[in-house]
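Quick setup: one chain, the form predicted alone, written in structure tokens, and binding and motion questions come after.
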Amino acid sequence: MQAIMKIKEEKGFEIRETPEPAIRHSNEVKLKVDVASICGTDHHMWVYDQWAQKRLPPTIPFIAGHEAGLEVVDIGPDVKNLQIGDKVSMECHEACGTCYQCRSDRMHICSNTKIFGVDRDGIFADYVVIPELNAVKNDNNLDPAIASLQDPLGNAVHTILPKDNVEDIAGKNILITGAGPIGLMAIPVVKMLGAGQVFVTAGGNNLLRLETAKKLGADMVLNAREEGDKIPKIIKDATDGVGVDVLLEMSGNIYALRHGLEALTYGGRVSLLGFFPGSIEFDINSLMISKGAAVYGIAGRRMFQTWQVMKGLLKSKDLQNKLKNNIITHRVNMSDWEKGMIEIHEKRAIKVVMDPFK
């Protein structure tokens, strides 16, 4: 079969012929890739930036990608809950099932996690074989393109609801720092959950994202390049001097984090999803400790609580339409994967969906 692979420790991917995978363990399922989408991780691996250089596994070469809408085409003898023809998405974190975290209901932060498309072969190919546990069954009527977005959508949902406390969102003022695909997906979700005012900040070099944030229902979108250190005051003025109840940090930018913490009300909650390029420095005493802020580090999706929440949210046709019409901006064939990657790199795309090889 054909596959998009990381071949060398340098910039780029290549399309290569590789053996079609087969089920080797009794609990595995073989999946046909209906649709794949390009993740920020894929972009890092393609660019081969500092993060990728540190994270690249010794298993190179490997098949990239981990966001997909898939169909079950074969099952191992011990597979219990899936049948041939089922439509699924993939939880990209493969947990060991035996470590302390896995045995204490924290499988999503398994100490031995392997990630599909990084530590083992991913889904930028015709087929993939994964454990049944990692295949999450979808409504068969769900658009495969939407199904392929559930990995990043799950990041957004986990950031919004780290403990499933909807009352933590309903009626509350929310600040989303960073308007990448995950930050943008968070906007319609918090609106669905009854948020009060929703503020979004983003770098001013990507007008597409700023405009999309408005389309998705943000009450105020602030251009960080133009507003800079005035952002906390602008937000406090819009909230009668109180500030926001919840900060969802999606950017990995130190200035965005500081502005968000300055805008946070006393006793507010912070969810940190964005990865920072290195060590960061800010006044933790005044911005977190004295404020009595509750702080959550967000890793992936809770397995599998977040998936259940997503399944309920995606019953909304309005949410599906917002994702399809605003988040998915480009669609290419896997043979033309580089065109999609360049659109992302040049900031002309939000999410690129890829159809199977011709």
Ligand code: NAD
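All of these numbers come straight from a predicted model, not from anything done at the bench. A residue's number is simply how far along the shown sequence it sits, counting from 1.
The same protein has a further form, the form predicted together with nicotinamide-adenine-dinucleotide, not shown here; the description that follows concerns it.
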Contact stretch among 175-183, 262-270, 120-128, 235-243 - heavy atom within 4.5 Å of nicotinamide-adenine-dinucleotide in the predicted bound form = 175-183
query = Looking at V332, A299, L313, V295, which is the one with a non-hydrogen atom within 4.5 Å of nicotinamide-adenine-dinucleotide in the predicted bound form?
reply = A299
request  = Let me know the one among A256, L161, V221, A195 whose heavy atoms come within 4.5 Å of nicotinamide-adenine-dinucleotide in the predicted bound form, would you?
outcome  = A256
ask   = With the cut-off set at 4.5 Å between non-hydrogen atoms, does G203 touch nicotinamide-adenine-dinucleotide in the predicted bound form?
value = yes
ask   = If you check in the predicted bound form, is Y100 within 4.5 Å of nicotinamide-adenine-dinucleotide, heavy atoms only?
value = no
key: G76: touches nicotinamide-adenine-dinucleotide in the predicted bound form, heavy atom cutoff 4.5 angstroms   = no
message = I'd like to know if S148 sits close to nicotinamide-adenine-dinucleotide in the predicted bound form, meaning any non-hydrogen atom pair within 4.5 angstroms.
response = no
Members of 31-67 lying within 4.5 angstroms of nicotinamide-adenine-dinucleotide, judged by heavy atom, in the predicted bound form = none
